[in-house]
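Read the single chain below, which is given as structure tokens and is the form predicted alone.
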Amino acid sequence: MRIIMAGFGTVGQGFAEVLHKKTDRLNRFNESVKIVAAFDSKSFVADENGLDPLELVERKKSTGSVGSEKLKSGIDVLDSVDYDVLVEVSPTNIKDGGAGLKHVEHALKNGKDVVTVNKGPLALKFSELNKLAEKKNALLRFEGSVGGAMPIINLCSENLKGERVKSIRGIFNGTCNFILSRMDKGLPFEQALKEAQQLGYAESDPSYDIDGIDTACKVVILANSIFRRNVTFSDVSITGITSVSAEAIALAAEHDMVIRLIGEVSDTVLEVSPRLIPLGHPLSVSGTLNIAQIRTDLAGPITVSGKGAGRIETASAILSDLIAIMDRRR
């Protein structure tokens, strides 16, 4: 199996490390797995005989670029290298999908399987991409796009095939959950946000997180993949956490409750908003964990939790999708 990695940033480095670490596990498919090209926003490197994953990581860390060749466009790389699977890990662009959307579309049009954790293409054009994959008999897999290491998409679509999923409610953004958890301890919003930035949980521009945009993208992906809806980011009712006051946190505590940013999706609901959650409820977790409660018709509520971010954690979800593709090929 020949892999091209698009958007070789933090998650890309994590996947390269995981691929190196799990070589023995992948060997059971009697098929060599190698990275034949990788590119970031500035550079690329390609070798049809395979690139050393750890050398890619080391070069990126030491020089800031994955390759020595200047990148004209990712499409040029996709057209010039023979490959089987595109692993697309470019940063999310919710305005127009960015280069990531072009990469995914181009790969699918050419009948290539795609594994992505990029939420932009999925939140904006899920239906079109899914139809394109079906038309070209290609696989589009995206477990890591929601919840990072927390299994939810494949859990619902594969392990719970006999169930009717009624609704999914969850905490899908660890940054917001960390901020609200610190506010539970009496910290003002701005101080909690600054602490999150200092610890690396929040970006210098935290708007994607605190305005609910990141969670909304994930709700769209769940709505389309699990509930077979045809919705996009613009269909989500979004309220972030910037309006959550210290007074509201204190009032909730008086009633043995906490406030958490909850994404909810069902056949009729598509919403992101701060909610009152009783203490002791599965969704009252603190810290940076992601958690989801899946309501089904037969098994009732099923709760899953895990790290929603992190390069190795997210890479674990990419690996599971890659193995699923290898299973089908076998």
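Treat the numbers as computed from the prediction; the structure is a model and nothing was measured. Counting begins at 1, following the sequence as shown.
Only in words, not in the display: the form predicted together with a small molecule, which the text now covers.
Within 4.5 Å of some heavy atom of the small molecule in the predicted complex lies at least one heavy atom of E203. When contacts are judged by a 4.5 Å heavy atom cut-off, T175 counts as touching the small molecule in the predicted complex.
When the small molecule is considered in the predicted complex, A309 lines it closely, a heavy atom lying within 4.5 Å. Contact check for K218: a non-hydrogen atom falls within 4.5 Å of the small molecule in the predicted complex.
Taken together, the three residues D113, R141 and E143 lack any non-hydrogen atom within 4.5 angstroms of the small molecule in the predicted complex.
The contact with the small molecule in the predicted complex, taken as any heavy atom within 4.5 Å, belongs to K119 out of R260, R169, K119, H103. Shown alone, this chain has one stretch from 252-260, 155-163, 223-231, 207-215 that lies within 4.5 Å of the small molecule in the predicted complex by heavy atoms: 207-215.
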